[in-house]
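As a starting point, one isolated chain is supplied in structure tokens, in the form predicted on its own.
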């Protein structure tokens, strides 16, 4: 057993209001430089929709992630040797049109226009060429058009649905969408790390955060192809690749990442998971529908004395072990089993998990509260969002995996409705819990974690990561300079 610690995250999609405050916080902090205008390390997509960059989920087009080849895993884009042949022409890269050409407006035309009868206008201009342009796309461009035959109908997940399921999704009286924030998943089996020919991308040993060494990066962009989530970007002025760093300078100072700190809906949870690194390859080799459960099995119980002893022997500090025991991500993913990885079939073992949106799960008007427990399976099969679509997003196509999550979420809703409204019989609530295999105590714990927690309960950061780096002989300030983030004043100690 090779126990390691990983800072992981959970996004609760039922709580996301699509305000994009997280994206703006990240943009202002990390990507407000020339050459990074089109980069959104954190973005909020509207699903069903084609996403950002366009159709990023279609790996037949982009060749990201891993695939099984006999008894081995290999990159879908080919090995490092094959990647060298694509350095000067890589047909699998997204183009600027798949993102959007960054633009601004000639505001000077408004302020310096001479007096006249005509209303002056500020024409859009490209931030790359500086020339006038026609705006045809932008960040979160599909926000107001989700469900349309332009974006939702071209969602790679929707295309795979049957004609009947698509008709159910696009029926005007059932029109539905949800917001899905995305950032780098800091995967255990990261495709970007494996695809980089120069070895510039690595996982930090103390917390598993995936970083790009700006001194070693040669701008070959194989990492852009290798990442199936398209969360590495090429800086067109620096000639280097960049990506989300999970605000590790903030974490080293005991602060939450910027997108977590600014989240209006409080949908974001951060904590430490312990996992067995020896099981990475075997887990990634599972069948598509088994991957979500297999990844959950890799996560170890930090309350188990045997695991604690093995973790300490492996060099994991007591402070990290204590943080793992209080980790909200452990509760969501392992203990309650209501958070799932995004597209586990990419086989990168992502460490960002999602609680699927319950929305209203009902789609039949005459299904009253009293029918919830009685018609559990019928209700799920007639959900406003087809179970097959959600399974394609979060469970490698395994519908039963998603149904198990929804049964627990409905049980929570029913028990809380019974407590607050009092219009549901105890027998119905008990039947819902029995069907979902969840206890009353777990229901209350889920309710508290999703509704009543403070930021210190939602975001549990090991307070000793900075100390651990110093003890290992690594100067955090020098590390930041090596990563290309410049000299900073020492962060204020919070512990």
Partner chain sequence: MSGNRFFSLSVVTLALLLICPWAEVSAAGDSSRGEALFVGSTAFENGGAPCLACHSLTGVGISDGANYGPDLSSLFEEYGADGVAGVLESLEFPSMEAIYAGRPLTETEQADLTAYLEQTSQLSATPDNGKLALLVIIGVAIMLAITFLVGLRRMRAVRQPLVERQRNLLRKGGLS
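Nothing here was measured: the structure is a model prediction, and the numbers come from that model. Positions refer to the first chain, counted from 1.
The protein also exists as the form predicted in complex with the partner chain; that form is not presented, and the subsequent description refers to it.
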Taking heavy atoms only, is residue 91 within 4.5 angstroms of the partner chain in the predicted bound form? yes
Although the partner isn't part of this model, could you tell me whether residue 442 comes within 4.5 Å of the partner chain in the predicted bound form, counting any heavy atom of the residue? no
Is there a non-hydrogen atom of residue 136 within 4.5 angstroms of a non-hydrogen atom of the partner chain in the predicted bound form? yes
I'd like to know whether residue 433 contacts the partner chain in the predicted bound form, with contact meaning heavy atoms within 4.5 angstroms. no
Taking a heavy atom within 4.5 Å as contact, would all three of 54, 62 and 150 count as contacting the partner chain in the predicted bound form? yes
So the partner chain isn't shown here. In the predicted bound form, which residue out of 154, 166, 214, 262 has a non-hydrogen atom within 4.5 Å of it? 154
Scan 119, 95, 71, 112 and let me know which has any heavy atom within 4.5 Å of the partner chain in the predicted bound form. 95
Per-stretch contact check against the partner chain in the predicted bound form, the hit in 262-270, 121-129, 326-334, 96-104 (non-hydrogen atom, 4.5 angstroms): 96-104
Does anything in 225-254 come within 4.5 Å of the partner chain in the predicted bound form by heavy atoms, and if so which residues, in order? none
